[in-house]
Every structure is written in structure tokens, then in C-alpha cells.
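Both blocks below hold the same protein chain, though in two forms, and each is given as C-alpha cells: structure 1 and structure 2.
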Structure 1
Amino acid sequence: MDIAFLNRARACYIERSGDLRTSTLAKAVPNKAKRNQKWQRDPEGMRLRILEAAKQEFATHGLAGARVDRIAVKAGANKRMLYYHVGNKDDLYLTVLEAAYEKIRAEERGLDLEHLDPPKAIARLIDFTWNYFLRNPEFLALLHTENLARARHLKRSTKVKSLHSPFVELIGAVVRRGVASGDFQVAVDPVQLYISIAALSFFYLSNSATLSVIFGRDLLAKRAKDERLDHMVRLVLAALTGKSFAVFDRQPVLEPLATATHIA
């Protein structure tokens, strides 16, 4: 969901300053072309734009740093609309947070690890996590913001609590299979493993700014990112299988994963 696109859409939907009506957009091309219209109704679209703008704003500035007016402008809306369609700043934030969790849970469900052999399944899991974080940097920021607030909002949210991640069970199953097949040495706690896998990607990406300064190199350069993914996969697989780090050369492990596997 690209905010720039959404704004362009709105902007060109009704050419506010001129009379020109070039609305070639999908959905609601009005058949009666009234002139002099100042605005056009679009509740769902408005709500979407508002939430998208709010997500960006909360992600880049945190809860306290976010500005309601800025969200309105970014959404191409009037500030009153935020209150009309969603609620006050806190409601806005909670809605964004819930949507973020829903989104990642949905993508997680699309990943089937069941029929992969255990090492490949773990590798795919790491690859997915890494790429999801990479593609959704706001999610990282929102998570952190919520932790600053000691999960105050999350606790209130029945919605998020009902969204169980399928990963813990999946990892548990993969680990059991791995142990049975002899691929893995020990049955690690799936929660610990899940946290560790998330941690390896999360920390690198969410702290890439300060780490880049400290180490004096750009950790978000293509090369650096490739190396990181490689390192993480090797680290975890070496630990689980008891085989050497070196055994896991890139191609066989990383080849079948990649971005194509992700849901749109």
C-alpha cells in the first residue's frame, strides 16, 4: 500500500484547482460528471489512506512524536476525518498496530514448511522473516514503539491476542521431524528458536543506523545484506544440525526461497 500512489489517486480523482476531470481510475468513475465539485465521497478509500499515513507517521516518529496534523496532510485529508473515521490519536495508533499484526500473521500462514525437509524449512523461515522485516520496516518501528509503552495497547487489544502466530507450532513440528530424521541433534524449545530467529534479523535491521555509524560501513548495502542473511542461516543451521558452519554453502540453502514465495 503506497501512500504516494494513494495520494496521487486522490489528487487526480478530482482535479481540485481546474475543471479538468481525467478520472480514469477504477472503482468509482462518476457517470454524471458534475462540474464544480469540491470533493468526492470515498469513505473506504479515505479510511485506508488515513491508516496508511498513520502507519508511516507512527513508525517514523513514535507514538508521542507523531503529529495528528501531519497524518491528515499525508492522507490528503482534513484532520477532522481522522476522528470521524477512526477515532482519537490512541485509537488511530491501536488500529495501525492491529493491522500490522494482522498483515504479518496473514503472510506467515501462506508459508508452508510442512513438506520441506527440516533444514530447508528452517532456512526458509529465516529467509521469510528477514525479507518481511526488510519489506516492512514500519513493522519493526511499531513493535519498538509498542514496547516503549510496555505493550499497554497490545494488552487492551483482544484482536491481536486472538491472532496466534502459526510459527511456534510449525517450528515445533519441524524440529521434531528434524530430530526424528537425524538432521537435528536436539529438540530445542520452539519459542526460544522463534525468538532467536526474529532477533537476528530484527536487531540488525532496526539498529542498522547506529550500527552503521559505529562500524563505519553501510549495513544496508546490497552486499552487506546478502552477507547477513547468509550468516544467520549458517549460524542457526550449524547449531541445530551440529554440522560445521562451512557445510552450508549458499546456493542449495537459499535457492528455493526468495521473494516469489511471499504472498502479495
Structure 2
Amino acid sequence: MDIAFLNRARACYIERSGDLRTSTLAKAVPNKAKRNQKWQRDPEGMRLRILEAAKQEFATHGLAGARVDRIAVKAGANKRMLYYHVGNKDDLYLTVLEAAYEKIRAEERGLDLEHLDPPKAIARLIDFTWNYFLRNPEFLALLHTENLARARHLKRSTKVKSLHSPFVELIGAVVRRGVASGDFQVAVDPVQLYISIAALSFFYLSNSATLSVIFGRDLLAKRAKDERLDHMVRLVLAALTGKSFAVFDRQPVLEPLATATHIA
């Protein structure tokens, strides 16, 4: 074997490898610089993209199954950026959860309940809650995930309780107005009332697959969803007013809601 030949070949290989590494780095650095410039130009936009990607990831895979790598790729970021600006996986999950609550509370504030007759205000709240859950299935998925965790992450939040208090007070004011006007017979606890309204929607939607099989109905068909909304409005108003379920015709109660459902 020609030792000199081997040495020349080895030297040539090392030289070429160095050229390749240099070339690769030269290409990588501008790409990295471009990503950094993009982040620096619009840090809030990048943060929102991360939160949206994280919301979809957590809603689809749960907390345990979610992967930070996938979130970063979907957001067009990298893990270092994500950790620096949002935090670790648990911090990111809590931020997503808080944002989900902020979104529904913000839309609820736009319902103008304080300026409606009490029965119509409650009907509007039911209509909104039902349609919000339909439009935002990832919200239900996030709630399910956090309940499985026994609200471990939500307990760390400094925001969520303050978000709910004004809305509970608003519902309480509607109920008190209803009692004063004679529309409602009893001043029910606004927390219990809101939980009941949310539960009537949540259970139906979260269990629609099994319930459809058990009862032989497609519970997510348009007609079935319309009937469900009608049923919930009648049920809650019958409880509040003490009147018969049968006296509440859906159309007069919900007619003003045609645009309100999608106002936010």
C-alpha cells in the first residue's frame, strides 16, 4: 500500500470536509439571522403564533402527549426562543389556559346582558355559551385536560379568578333585576346558574359520540343541535320563572340573538 497516497487522500478528505462545513455554516447563519430578525421585528406576533400552535397541540394531544418541538415548528420558532419568551412546557400550558379563559370572558362581556330584559338576557347567555362551545372545541379539550390534572396548573394562575368575578356579578345583577320585575321567582346563586348553563352544553357536546350511539341519534346534526338549544332555553327559563316549560316558544325568546351569537 502506498502510504504517501493514503496521506494525500486523507489530507484531501479533511480539506473537502472543512470546505463543506464552512459552506453549511455559511448557509445556516443567514437563515438563523433571518429568523432572529423576524422575531425581533414582531415579537408579539411570534408570541401569538406560539400560543396558537400550543393551543392546538395541547387540545389535540393533552399535556402529557404535547411536544414542544412540534409547537415550535408550527409557530415558525425554535425551542430556545419558545423557552426564553414563554417558558417551559408547564408555563406554556398555563399561558394557553389563561388565554382561553380570557377569550371567552371577553366575548361574554360583549353580550350586553345588562341592557336586556332578564329573560332575554339569560336566553342570550345560553345561546352564546352553546355556540361558543361549538365554535371552540379546543376550549372544551383544554378544560378536560386540566380537570384530569385536578386543576394543578390553574391553581398557580393569578388571573383566572379575577376574570370570573365581574361576570358572575353581572349574572347576579340580571337575576336580581328579574326578581324585582317579577319575571323570576327566586334569586338563584349566579355561580350555580352559570355552572348549570355551561354543564347543559358541555356534557352534551363532550359526550355526543357515546350518546349518539346509545340513543341512536346523530346528536351533532343541525336539527339535533337546534333542538338542544331550544330545550336548554326552555328548561332554564322555566326554572327561573316558575312557569311551564311549554309556554316558552323558542322563536320569540331567541329572535334577537340572530346577530348576537356571532358579535364577538
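Every residue number counts along structure 1's sequence, beginning with 1. If you superpose the two forms and keep the largest set of C-alpha atoms that fall within 1.5 Å, you have the rigid core. All values reported here derive from a predicted model rather than from experimental measurement.
Inset, instruction - Go through 1 and 2 and tell me the one that is the form predicted in complex with a further copy of the same chain. - result: It is the first structure (the form predicted in complex with a further copy of the same chain) rather than the second.
Legend entry - Domain reorientation between structures 1 and 2, expressed as the smaller rigid part's turn in degrees: 14 degrees is the angle the smaller part turns through.
Legend entry - Distance moved by the Ile50 C-alpha between structures 1 and 2 (core-aligned, Å): Residue shift at the C-alpha: 4.1 Å.
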